[in-house]
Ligand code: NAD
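Next up: just one chain, as structure tokens, the form predicted on its own.
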């Protein structure tokens, strides 16, 4: 039986083809086979989607009826659960994600998060009484009110599409906004299935949610500059994030940006070196390293460098690139031929920069199809090398020696990015001290996992602006109004 996806987009409550009738193919990255097609929308479709979202926000009770929104978000969660087998198979085929990850961040966890966000919206304190005061000698009663921002443009990448789509769409809708979702063309079905579920299995009104798939990168630019859009929520590269911010500045839109990372996995000299390096190797192999928060710099004590390299290489050798439908696979394919070429280019660059490829570095010899790259370990470069500074987005780990805790912190912070990190030590307080000194939005201490619907996620420096998930992520989609009356 073939994989079934949704070819149509949802615009103003109607599942439909692109106005031009054009389509584009979606490819299975593990087999290079064409799975099917998706609507290739143009500016006419985008205009209709934005117009529908604007009308739905301005002319309906969606933004003010909290109880109705909570009901609809729970309906959406239930619809995903009812179709989980179909969506799981589609997700593996379209993204190349290993099966095991669909039971967490690639599908099940973001679906479960819809329940959390519905509960939050239901219990949220939409108004807060500030009490009485006498500004300018005039008694007044004051309060604040939280209200939806308006029309949200959600622009999402291909690596964990359900997680990122739902981390934007769920809170935005629960907060009372309307949404236009523009996904990456590499994984259109993971967005169009969301449109189908909303249209067919929820009471979300026409125009509240719209999805526009397209191969035209100008569509995203048009979305960010349109004056009918009130806020941009973007996840992707830092370079594109800068363009989004510039475009949004023309109309002073609110902007949320979750961008790139080059996160450090810091091992202190009293840590369990075998355990720490094993986790570092496993992490960089996960989904072939295609995650912005993945720790891709392994920072180890200089005196233990050789042992750390040996241990890490041994673990990587046990995690070969493989079939994503196999429940034991950790490292699947890269999403496209273009992404594989990018990763291979960085591996060549590492050698040019004086680095040594300890293990991996090529395509698996036993796989003649699919966009696979072997898990790769690089040593012999300093932290200022391009492969240690630039986001590769592949299963490539760079090992860098440090000379004590302060030096480890210096190396970790010596990056334009500040998205995530990890610290390992036999002394919990020592590890937390290093974690506190790292200029990153999230840090795991001794294997602690921060990823959860209630935990804010986002970065320092050029890793982004704002937070996604948690109460902070919900409040990204709200405005604050202050009101006063005579007391």
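Predicted model, so just to flag it, every value in this text is computed and none were measured. Numbering follows the first chain given and starts at 1.
We do not show the form predicted in complex with nicotinamide-adenine-dinucleotide, though everything after this point is about it.
Asker: For the spot marked by 158, 292 and 419, is every residue within 4.5 Å of nicotinamide-adenine-dinucleotide in the predicted bound form through some heavy atom?
Answerer: Verified in the predicted bound form; spot residues all in contact, yes.
Asker: Counting any non-hydrogen atom inside 4.5 Å, which residue from 170, 260, 394, 96 sits next to nicotinamide-adenine-dinucleotide in the predicted bound form?
Answerer: Looking at 170, 260, 394, 96 one by one, just 260 meets the 4.5 Å heavy-atom criterion.
Asker: Ok, 110, 176, 183, 375: which has a heavy atom sitting within 4.5 Å of nicotinamide-adenine-dinucleotide in the predicted bound form?
Answerer: When nicotinamide-adenine-dinucleotide is considered in the predicted bound form, the option within 4.5 Å is 183.
Asker: Look up in the predicted bound form whether residue 283 has a non-hydrogen atom within 4.5 angstroms of nicotinamide-adenine-dinucleotide, and give yes or no.
Answerer: No - in the predicted bound form, heavy atoms of residue 283 and nicotinamide-adenine-dinucleotide never come within 4.5 Å of each other.
Asker: Does nicotinamide-adenine-dinucleotide get within 4.5 angstroms of any non-hydrogen atom of residue 457 in the predicted bound form?
Answerer: Although nicotinamide-adenine-dinucleotide is absent here, residue 457 would touch it in the predicted bound form, with heavy atoms inside 4.5 Å.
Asker: Considering non-hydrogen atoms and a 4.5 Å limit, does nicotinamide-adenine-dinucleotide approach residue 217 in the predicted bound form?
Answerer: Contact with nicotinamide-adenine-dinucleotide, yes.
Asker: Is residue 249 close enough to nicotinamide-adenine-dinucleotide in the predicted bound form to count, meaning some heavy atom within 4.5 Å?
Answerer: No, no contact at 4.5 Å.
Asker: Heavy atoms within 4.5 Å of nicotinamide-adenine-dinucleotide in the predicted bound form: which stretch among 303 to 311, 324 to 332, 69 to 77, 240 to 248?
Answerer: Of the stretches listed, the one contacting the partner is 240 to 248.
Asker: Looking at nicotinamide-adenine-dinucleotide in the predicted bound form, which residues in 426 to 449 have at least one heavy atom within 4.5 Å of it?
Answerer: Stretch hits: zero.
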